[in-house]
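First, one chain by itself: the form predicted alone, in structure tokens.
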């Protein structure tokens, strides 16, 4: 195999591939990236057996072929090469080495046989549709903060993507929860997605997927089956197993009768929470919200470290209310708001609180209160 490729194209492809590779694994071939050169394209494939990413890059292929080399090492080499360099990758079958040359730099990397590289079995997808990158980016970006990290409740370790009913008809919905907070984000249902089975997209896949969604003009082809989900652009294909479990009935925890309404500037609110939380004890990070006529007092009382208080002007016309929250959860939810105003809907100091962005019903957040 012999190819010449621009550093920028090579770096982009290799960085996507190496981030899928698990740093610690007992199977040596899984630390490698499979490089396949044919026609005028080089394909880089990496997997951890749960996720597979395939990245294509244009190149000048002098001699077609395929080999595997350590993904992280190759990425480090390419990253340190000068901008604009033309990189040549050469492998002589007999030597068991891949030579990487750019300018005066020359590296020789150990290879493993391409036949040993596991390729994810392709499955029959029950639903195929395409969606604009910004739509998918919003669905996953706004929900992923609520993914649980608790291994025992593994079915919460991802984002539940499914078709659901909303006021205006059917929607594509993403939900994530860890039992303390919940995010439910809706988007218009793309054509062809009606028959899609609900799937739980794992946390690592959500992180990798984010890299595909940076280009605002891209259309992402989405394929879903009971066991796998695939997201593809013309250059990159990300295939992942889905979490084998049943996502709980989240509709039961979204409160319906919360009618105490507070409207506040989201950015001001987030900054105020951040400031008063500075003195809170790390363990509980509890912030108390005291609400009165058009006035909110945020306070923290941490006996070991001190106390803090800040007042904010808000729109609130209901009876007095004191309620406590984990500062981290409040900050994460407030930072999701793209519009100016965040609307909080309370019931009592012991009940879950609902938050949404202005009048927008397509993004709903729930946060459980704390005793303060």
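Source: prediction; values computed, not measured. Positions refer to the first chain, counted from 1.
What comes next is about the form predicted together with a further copy of the same chain, which is not displayed.
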Pick from 278, 164, 258, 290: which has a non-hydrogen atom within 4.5 Å of a further copy of the same chain in the model of the complex?
278
Answer with one of 62, 318, 311, 332: the residue that has a non-hydrogen atom within 4.5 Å of a further copy of the same chain in the model of the complex.
311
I'd like to know if residue 107 sits close to a further copy of the same chain in the model of the complex, meaning any non-hydrogen atom pair within 4.5 angstroms.
yes
Although the partner isn't part of this model, could you tell me whether residue 58 comes within 4.5 Å of a further copy of the same chain in the model of the complex, counting any heavy atom of the residue?
no
State yes or no: in the model of the complex, is some non-hydrogen atom of residue 28 no more than 4.5 angstroms from a non-hydrogen atom of a further copy of the same chain?
no
Any of the heavy atoms of residue 41 lying within 4.5 Å of a further copy of the same chain in the model of the complex?
no
Specify the contacting stretch among 220-228, 206-214, 245-253, 297-305, defined as having any heavy atom within 4.5 Å of a further copy of the same chain in the model of the complex.
297-305
In the model of the complex, does every one of 76, 81 and 274 come within 4.5 Å of a further copy of the same chain, counting any heavy atom?
yes
